[in-house]
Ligand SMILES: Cc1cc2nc3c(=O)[nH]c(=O)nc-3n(C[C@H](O)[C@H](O)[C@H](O)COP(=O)(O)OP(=O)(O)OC[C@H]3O[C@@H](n4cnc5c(N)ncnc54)[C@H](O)[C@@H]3O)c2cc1C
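The chain below stands alone, shown as structure tokens; this is the form predicted alone.
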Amino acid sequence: MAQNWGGNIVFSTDRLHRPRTVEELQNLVASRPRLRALGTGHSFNRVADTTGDLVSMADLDGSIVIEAADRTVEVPAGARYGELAVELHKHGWALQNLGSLPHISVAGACATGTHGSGDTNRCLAAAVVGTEFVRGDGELVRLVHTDEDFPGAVISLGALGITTRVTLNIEPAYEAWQRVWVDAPMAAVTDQLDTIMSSGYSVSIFTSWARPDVIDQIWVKGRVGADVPDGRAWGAQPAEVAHHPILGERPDAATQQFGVPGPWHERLPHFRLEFTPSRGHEQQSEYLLPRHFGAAALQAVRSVELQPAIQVFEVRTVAADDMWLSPCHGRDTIAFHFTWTDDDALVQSVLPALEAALAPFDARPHWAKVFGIPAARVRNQYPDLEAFRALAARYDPGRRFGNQFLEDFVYG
């Protein structure tokens, strides 16, 4: 039976199609009453599920096309970020930002509001300036960033159609470095949270909560030429050995540390493309809050007993955007990410207390991860939801691409 990457979701259908041409996809869409796009399976809830047919874009014909004059790249929807990055770098180009995993598909990551980290870095979908998709009647649609519908068309949860290609902004290639600091006192991190999160181009805080008064690791990434912070100002110590985000795991899968300069795509992710990311067979939750709540919300998480469900907790920042269904819509954001043991009972035992602790901070859940926040509350967090519903009704009036997740959290 088909299941997601983490192993915690078994899809409601075994019917998986892998069209090779857009025409084949159009015929498939027109002939099926229900179907959903399936990326690399890095969703941890039923956002991609369907009782109809699943469609993978991994085999769809098409190449990566760089337009140097426009500083854009057109990408097949099924391409993984790691593969795109290698091709861009080979030709002297780069993306502004990457997620922690280079293994995720471009279209899938963009459709769900996935992000990297950095005060000035918006979510991955914000780099998109054009999208092409097959709508509910099988017709091919192309939208660009100047179109009125565009803010609702990229982070769309698959509700508008099956994406075939996306166009992204690019910039000249650059080099970056990464340093890891360890054992920072929790009190110092809370007091200096804004300073720490602003200390690099991309910053992540990791801890297992095994030591409530200590933050295990702080990963700081910067572009070559930028100032390198001294983590001892936060009470931390420089790492003497390479680290994996999860304590006790071998660091082989993690990207190069110790400040060694290297290509942007080999430093911005946490994991190397050639390795299995994280630990596998896990569940994930993530909550995105207004940035100014960071220190108070961190203390609130500290008050919740997360053991033994938690593997690692991560803090990142994301810049605001104007996309209708973006969890970062209209506000600079601090993101709290939880990697859990793949045990439904354990995860569900801690979620209510955790979400109650975060409720005062207007936490929006990541669309593709495990959460228990009531659907009505989630819907109320998106001021442009009615505009998105109208957009979805125009491109897919019969809800061919619908599923129970969309019925609950979007259509209401």
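Counting begins at 1, following the sequence as shown. Since this is a predicted model, take the numbers as computed values, not measurements.
The same protein has a further form, the form predicted in complex with this ligand, not shown here; the description that follows concerns it.
Visitor: Consider residue 321 of the chain shown here, and say whether it contacts this ligand in the predicted bound form, taking contact as heavy atoms within 4.5 Å.
Guide: Contact check for residue 321: no, nothing within 4.5 Å of this ligand in the predicted bound form.
Visitor: Taking heavy atoms only, is residue 74 within 4.5 angstroms of this ligand in the predicted bound form?
Guide: Residue-level check for residue 74: no, no contact with this ligand.
Visitor: Might residue 99 be said to contact this ligand in the predicted bound form, defining contact as any heavy atom within 4.5 Å?
Guide: Heavy-atom contact with this ligand at 4.5 Å: present for residue 99.
Visitor: May I ask you to check whether residue 365 falls inside a 4.5 Å heavy atom distance of this ligand in the predicted bound form?
Guide: No, residue 365 sits far enough from this ligand in the predicted bound form that none of its heavy atoms falls within 4.5 Å.
Visitor: In the predicted bound form, do 182, 243 and 311 all put a heavy atom within 4.5 Å of this ligand?
Guide: No, the whole trio is out of contact, none within 4.5 Å by any heavy atom.
Visitor: Please name which of the stretches 65 to 73, 378 to 386, 38 to 46, 345 to 353 has residues with heavy atoms lying within 4.5 Å of this ligand in the predicted bound form.
Guide: That would be 38 to 46.
Visitor: Please tell me which of 325, 84, 104, 189 lies within 4.5 Å of this ligand in the predicted bound form, judged by heavy atoms.
Guide: By the 4.5 Å criterion, the partner-contacting residue is 104.
Visitor: Please tell me which of 285, 255, 333, 112 lies within 4.5 Å of this ligand in the predicted bound form, judged by heavy atoms.
Guide: By the 4.5 Å heavy-atom cutoff, the listed residue in contact is 112.
Visitor: Any residue of 204 to 236 with a heavy atom within 4.5 Å of this ligand in the predicted bound form counts; write them all down in order.
Guide: Residues within 4.5 Å: none.
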